[in-house]
Ligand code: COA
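One chain comes next, on its own, written out as structure tokens in the form predicted on its own.
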Amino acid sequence: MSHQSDPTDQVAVADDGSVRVIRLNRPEKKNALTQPMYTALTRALHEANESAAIRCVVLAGAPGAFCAGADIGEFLESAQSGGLRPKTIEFLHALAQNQKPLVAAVGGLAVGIGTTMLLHCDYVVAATGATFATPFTRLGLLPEAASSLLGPRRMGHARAFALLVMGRPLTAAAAKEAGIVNDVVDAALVEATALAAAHEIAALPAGAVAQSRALLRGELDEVVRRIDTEAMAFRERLQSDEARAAFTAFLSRRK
């Protein structure tokens, strides 16, 4: 594996032959995403797109935690300053417009954007103990990352409503049944299984894969528009009395 340095050190990028592994590397915070991490993720995806040598990308976390969502400290600042930050939106656009097949290795907890980013992935491997949750409405907010479009499309309205609106978490088995996850394996096997799938994809004729994937994914402009529509609504929700009350309650519980 060839390693490339990253200024944040909280996103590690390594290429394993024709497979790029982008690893969230902030285990002490369960890989909660900060603005520098969003920037590093966006850059790693753009670089993979521009490299003919890279044929598949793996998004990985740490054992026990894939991604706990947006960093709550930054999130509270965003709530006070007025909305999703540009670096977050840039990452979501990069995810939606990514040209290389995306495989995710979910070794544990996936919360908020940790779950909604998986709706942009082509193949997802999860540990048996992984959980998927999007507690947006409990904070007076709403789903992001085009999940309001991709969620019902992927798993049907009934499941999408329970996950995205009611905030009911999914087990790995339920996520597989819902069509979010391909494989559920022991935690120790998650990364190897995801890498094997990525190498399987990378070994196929790249042009045929790219065209087939584009047809399966449909109209990307619609997805990007939904990301932007959600972001505008999210900004308004952050300023709402509901969100302010939810954040105040959340902070009082943390003390």
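Only a predicted model underlies this, so the values are computations on that prediction, with no experimental measurement involved. All residue numbers are counted from 1 along the displayed sequence. C-alpha atoms forming the largest set that superposes within 1.5 Å between two forms make up the rigid core.
In what follows, reference is made to the form predicted in complex with the ligand, a form of this protein that is not presented.
The stretch in contact with the ligand in the predicted bound form, judged by heavy atoms within 4.5 Å, is 62-70, chosen from 195-203, 182-190, 62-70, 212-220.
In the predicted bound form, at least one heavy atom of residue 29 sits within 4.5 Å of a heavy atom of the ligand. In the predicted bound form, the ligand sits within 4.5 Å of a heavy atom belonging to residue 109. At a distance threshold of 4.5 angstroms between non-hydrogen atoms, residue 160 is out of contact with the ligand in the predicted bound form. Put simply, residue 254 is far from the ligand in the predicted bound form: not one heavy atom of it is within 4.5 Å. Think of it this way: in the predicted bound form, the ligand has a heavy atom of just one of 139, 121, 178, 94 within 4.5 Å, and the residue is 139. Note on the partner interface in the predicted bound form: the residue among 135, 129, 156, 86 having a heavy atom within 4.5 angstroms of the ligand is 135. When the rigid core is held fixed, the Cα atom of residue 234 travels less than 2 angstroms between this form and the one not shown.
In this overlay on the rigid core, residue 22 has a C-alpha that sits less than 2 Å away from its partner position between this form and the one not shown.
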